[in-house]
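Below you'll find only one chain, the form predicted alone, shown as structure tokens.
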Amino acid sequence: MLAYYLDLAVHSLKRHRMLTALMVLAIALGIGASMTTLTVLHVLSGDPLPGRSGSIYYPQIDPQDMKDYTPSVEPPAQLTWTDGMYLLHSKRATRQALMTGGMVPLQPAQSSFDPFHASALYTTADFFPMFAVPFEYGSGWGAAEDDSKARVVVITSQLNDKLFGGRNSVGQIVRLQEKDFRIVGVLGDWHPNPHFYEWYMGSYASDEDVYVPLTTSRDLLMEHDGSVDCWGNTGGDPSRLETINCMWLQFWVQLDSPASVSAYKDFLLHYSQDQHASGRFVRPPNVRLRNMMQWLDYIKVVPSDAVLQTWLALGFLAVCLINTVGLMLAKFMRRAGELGVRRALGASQRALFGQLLMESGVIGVAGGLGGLLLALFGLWLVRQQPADYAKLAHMDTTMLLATFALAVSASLLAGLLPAWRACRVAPALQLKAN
């Protein structure tokens, strides 16, 4: 029966080519616009660590003075060196990593390369296992290297390709800030988006080139490019960040069970209470502990213009559907005589309704193909924009399937009213008129 309906639908659409083209065009335009923006939103709001993000948490405490204080204020997003090091060395979580970002001068050993500034992440040993960072060669460093301020470095596969032709470079030396660093690992394919762990460098920024122990970076006073929030009259001297009242570090912990989450939040509260009692914290204890997706939602990592564009595109799709409803109603009602004859010959209203919905579905498939091409063109245009997330605008399999699902669903929805009106026309009146 479905094959018969499909055959009738194709013949009917061929008989009314202009109306068919207009309906397909309306669906394609709406689908193209909406899937372009939905794909961008899908990419930007995705889970950067699927399967692990639920156990990764971002702690917050509040060490500031009473300036601008209100009881409902959120704790700062970063930590001081003193607080970060205490939380790190307390080891109350399964894993914990303290970090910040910067730029470091890199001098290749090969004379064919000029020195350049490499993007760097200064972090601690648990960063790599906590985030399940894959390695092509070698591994990360250990706690001993953190404690000894060792001159070791992990580099990306892209930098390894550039400097060493892609071969195993573990044990080789690179010069960072005019000091020799031994390569202990080369990353594999790892490009989490959003750039969740050090968002002050850009939520959708390019990946770092090198990973250096945080303690080593401070020992050599490597350049720090992240945000520095200070209070009091301490200023923001980059050479004294360990001792002044400034927040400039990000801290992540791995907590594997609800009980450990509750225990860690109690630990943060007790630490804040102790610091408040000692006079170091002036404000009342104020802590937060959000998992990764909650944190990304809190800092509004998805650009507001991407959300607005999505709503506008969906509104445009709704307008296209309304136009399609009108075109389908005109088309179906013009066939009232044909449908009346079929009713007189014994076809049920249900059969006619199914036939007309099949036509709507065929229009949806054709509109989906057109919408897919328009969406691919739209995503290409997005990639030409200067926004840092533009390069991520690519359609994956999920959104490809969603394009056709949305197109067919939209056309079937648009065809419901016209099909219902057309199949309820009294056959006697149509036979008499003909």
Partner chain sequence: MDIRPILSTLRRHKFTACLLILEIALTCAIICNAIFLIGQRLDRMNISSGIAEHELVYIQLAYIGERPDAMARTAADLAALREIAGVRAVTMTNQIPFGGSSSNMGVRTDLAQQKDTINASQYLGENVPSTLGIQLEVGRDFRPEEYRDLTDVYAALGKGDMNALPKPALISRAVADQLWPGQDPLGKQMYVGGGIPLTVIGVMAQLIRPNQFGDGAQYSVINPIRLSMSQGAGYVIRCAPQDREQVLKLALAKLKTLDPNRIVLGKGTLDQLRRDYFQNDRAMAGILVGVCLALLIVTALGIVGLASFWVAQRNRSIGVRRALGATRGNILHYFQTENFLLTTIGIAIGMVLAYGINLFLIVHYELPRMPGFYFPVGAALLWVIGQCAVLGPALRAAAVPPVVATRSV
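Quantities reported herein were computed from a predicted structural model and do not represent experimental measurements. Residue numbers count along the first chain shown, from 1.
From this point on, the text means the form predicted in complex with its partner chain, which you will not see here.
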ask   = Can you pick the one in 263, 109, 319, 282 that has a heavy atom within 4.5 Å of its partner chain in the predicted complex?
value = 319
ask   = Quick one: of 238, 192, 76, 142, which gets a non-hydrogen atom within 4.5 angstroms of its partner chain in the predicted complex?
value = 238
ask   = its partner chain isn't shown here, but in the predicted complex, which of 79-87, 94-102, 268-276, 301-309 has heavy atoms within 4.5 Å of it?
value = 301-309
request  = State yes or no: in the predicted complex, is some non-hydrogen atom of residue 385 no more than 4.5 angstroms from a non-hydrogen atom of its partner chain?
outcome  = yes
message = in the predicted complex, does residue 315 come within 4.5 Å of its partner chain, counting heavy atoms only?
response = yes
inquiry  = residue 362 versus its partner chain, in the predicted complex: is there a non-hydrogen atom within 4.5 Å?
reply    = no
ask   = Is the gap between residue 412 and its partner chain in the predicted complex 4.5 Å or less for some heavy atom pair?
value = no
task = Taking its partner chain as it sits in the predicted complex, which residues of 168-193 have a non-hydrogen atom within 4.5 Å of it? Please list them.
result = 177, 178, 179
